[in-house]
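Here you get one chain, nothing else, as structure tokens; it is the form predicted alone.
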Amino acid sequence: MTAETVESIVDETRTIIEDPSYPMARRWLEEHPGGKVLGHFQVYFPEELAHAAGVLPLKVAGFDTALPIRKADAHLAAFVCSIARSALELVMSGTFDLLDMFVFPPICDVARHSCAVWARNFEDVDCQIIYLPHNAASPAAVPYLTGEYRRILREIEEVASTRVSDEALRRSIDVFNENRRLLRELYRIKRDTPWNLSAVEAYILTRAAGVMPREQHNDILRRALAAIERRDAKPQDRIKVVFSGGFCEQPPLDLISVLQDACYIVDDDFMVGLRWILEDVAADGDPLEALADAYLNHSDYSPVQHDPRKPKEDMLLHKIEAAGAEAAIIAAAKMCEPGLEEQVGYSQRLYDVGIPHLVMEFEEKSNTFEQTRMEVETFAESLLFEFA
């Protein structure tokens, strides 16, 4: 039997993530009659809560040009970020008719206020805001967040007509811990030998976690990692960069392809919610408290979490150093206030310490990138000559 290739696995997975009808979720519903589906926005939601209740959690991350925005514009202004508009369009167009519950994190004004828009228009969908701590460094943050997780879990139990035991939560934590371990290995390969795993391949394999049962995604990652081990690509003369700015709205795949043609993206914050927790969540004790502690004390950084213990500019510098990168691409989604604000701070710090960086904006609905290609190629070539 011929061994699977990375290309075949990625092609299979790309078909799944680019289909706005959520085919894997529909297949799961066929296999689980009466099953419930919980959608949620980026950046982070503790999906273990849904999983333990037998509910399928789905990340809503937009669908670039595959989903024209028509009906949503009657409810959200055109200057609102496109991920909020495309998520609303999915439901209003009937494409996302499988939802029973939707959870909004208070990451920005748009996400926070979207909950009321959804609740008013979709009476059959239980819409909730998960109120994350404003002061993540407070001694009361973990107890507060544990209580908030418990409140959301009660809502999930109501939707699913079930009760979730601590043991069920621990089993779900084990499944997601395995997923985080596999994703860490995927990113290790991308960091250490980026010629063996392109940025587009890594992105597709990662993003698939949000649109299917996590057990199936674990299987895909195991197959992909085994196939990557069989690769023996040769390094090319490219600079190594860290990409920052993909924490919520996602850049189009074609844009990532343009970037990888000019440089190796050795680390990034694409779909950061899937990798937000940096180590295994503790399996003993109160599982809700363990999840809350992991979110606050064993996690990555982002423009949408305000934690004085995580100076974001310093953490970006550490990420660049740890990845062995020579430069950075500091991007921001158009109309994204948190991203655009952080772009200024990141750029200034990189300028102060002398790390080359390229500043850019993107939008999930973009479909032409010739100008971006010229800018990135010029940036990369100038650094190759400088480092030669």
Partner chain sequence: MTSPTKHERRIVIRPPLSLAGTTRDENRTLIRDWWADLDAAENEGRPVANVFVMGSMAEILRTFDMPISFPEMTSLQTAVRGRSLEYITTAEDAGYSPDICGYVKADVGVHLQGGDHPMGHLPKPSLVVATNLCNTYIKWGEIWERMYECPVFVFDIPGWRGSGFETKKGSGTFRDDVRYVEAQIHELIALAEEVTGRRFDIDEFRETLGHVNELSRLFQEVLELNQHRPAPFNALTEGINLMGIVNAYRGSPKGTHFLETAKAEFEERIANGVGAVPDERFRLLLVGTACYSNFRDFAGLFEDWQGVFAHSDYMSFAGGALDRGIVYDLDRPFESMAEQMVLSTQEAMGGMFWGQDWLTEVVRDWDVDGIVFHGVKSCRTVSTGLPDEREWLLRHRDIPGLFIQSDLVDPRLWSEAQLKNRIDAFFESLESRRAAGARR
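Just so we're clear, the structure is a prediction, and the values are computed from it rather than from any experiment. Positions refer to the first chain, counted from 1.
There is also a form predicted in complex with the partner chain; it is not shown, and the following applies to it.
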{"property": "Of Lys312, Arg180, Arg170, Arg191, the one that lies within 4.5 Å of the partner chain in the predicted bound form (heavy atoms)", "result": "Lys312"}
{"property": "Proximity to the partner chain in the predicted bound form, single hit among Val200, Val175, Val110, Leu153 (heavy atom within 4.5 Å)", "result": "Val110"}
{"property": "Among 216-224, 235-243, 129-137, 267-275, the region lying within 4.5 Å of the partner chain in the predicted bound form by heavy atom distance", "result": "129-137"}
{"property": "Partner contact for Glu361 in the predicted bound form: the partner chain, 4.5 angstroms, heavy atom", "result": "yes"}
{"property": "Pro106, heavy atom within 4.5 angstroms of the partner chain in the predicted bound form", "result": "yes"}
{"property": "4.5 Å heavy atom contact, Glu337 and the partner chain in the predicted bound form", "result": "yes"}
{"property": "Distance check, Tyr187 to the partner chain in the predicted bound form, heavy atom within 4.5 Å", "result": "no"}
